[in-house]
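The form predicted alone is given below as one chain in structure tokens.
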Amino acid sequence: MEIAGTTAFITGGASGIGFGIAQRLLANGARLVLADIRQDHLDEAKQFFEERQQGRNVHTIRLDVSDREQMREAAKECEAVMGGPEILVNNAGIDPSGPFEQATYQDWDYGLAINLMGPINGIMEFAPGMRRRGKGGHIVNTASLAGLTPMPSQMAIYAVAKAGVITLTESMRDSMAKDNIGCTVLMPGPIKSRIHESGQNRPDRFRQGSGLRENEEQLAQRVVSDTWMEPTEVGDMIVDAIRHNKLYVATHGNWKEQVEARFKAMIDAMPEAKPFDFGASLSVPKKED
């Protein structure tokens, strides 16, 4: 699809990967609606574009992606202010890592609510409008390479959610194609971002009872490495994926061997295929006379 003249709605769009995607989409002619849970990040992003005389093409919305009512209102605001969107980027994410044995229901609920249900909420609230407008479009869901390869137990919540996002994107593609809406799952590796500030972004309803507060405080001290990829490089990959409807985008190849070993082990575990009548297996036995 052509990007020029479209509107893009980007969650987690005011920093990190989302902001990198935003810059590259704007450079290619899209209008932007940036949604983020951090008002300070939104203010910084808005100022960035205004200083470059691009502010008229950028609208910001404060949004908690785990809140379905907020997502519903954001979809209405986006359409009213900027039109569309034709491009939906479900990018907002957090890092709920920590010792597996210390994780509580609150930590699981938080990790899945943002990293998995966030994209689902975006799709549920925006996809009907994209279909109704009949202009086609594209949906990008941000997962992670951590969803493709076995990870240490301290990353279980994160990896489970990101694996779900990969499967979600693969599984929705045939339905979206009926309305000329393409799908891409982004699987990034180390990118310069603010995900280490996850503890500051945790909604109050997920704070009480968390077992990972100490780990969040340690994560907040992490220094972003100069060797990590620039978010705008990811943005260029996403621009290309939208234009050519690429299902998969991976930013790094460092884990190829681990991914190959995992899938080889799965294939090796499968018995030889035998003819199987799915229809017969699902049929209801007839009652004997």
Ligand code: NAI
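Start at 1 with the first residue shown and count on from there. Only a predicted model underlies this, so the values are computations on that prediction, with no experimental measurement involved.
We do not show the form predicted in complex with this ligand, though everything after this point is about it.
- Screening Ala30, Leu34, Ile238, Val65 for any heavy atom within 4.5 Å of this ligand in the predicted complex leaves a single hit, Val65.
- A single residue from the set Gly209, Pro190, Pro128, Pro99 has any heavy atom within 4.5 angstroms of this ligand in the predicted complex; that residue is Pro190.
- Mapping the unseen interface onto this chain, Cys183 falls outside it, with no heavy atom inside 4.5 Å of this ligand in the predicted complex.
- Under a 4.5 angstroms non-hydrogen atom cutoff, this ligand in the predicted complex has Ala92 among its neighbouring residues.
- Interface membership of Arg38, defined by any non-hydrogen atom within 4.5 Å of this ligand in the predicted complex, is confirmed.
- Although the partner is absent here, Ile17 is a contact residue: one of its heavy atoms lies within 4.5 angstroms of this ligand in the predicted complex.
- Residues with any non-hydrogen atom within 4.5 angstroms of this ligand in the predicted complex fall in just one of 168-176, 138-146, 79-87, 99-107: 138-146.
- Along 257-274, not one residue places a heavy atom within 4.5 Å of this ligand in the predicted complex.
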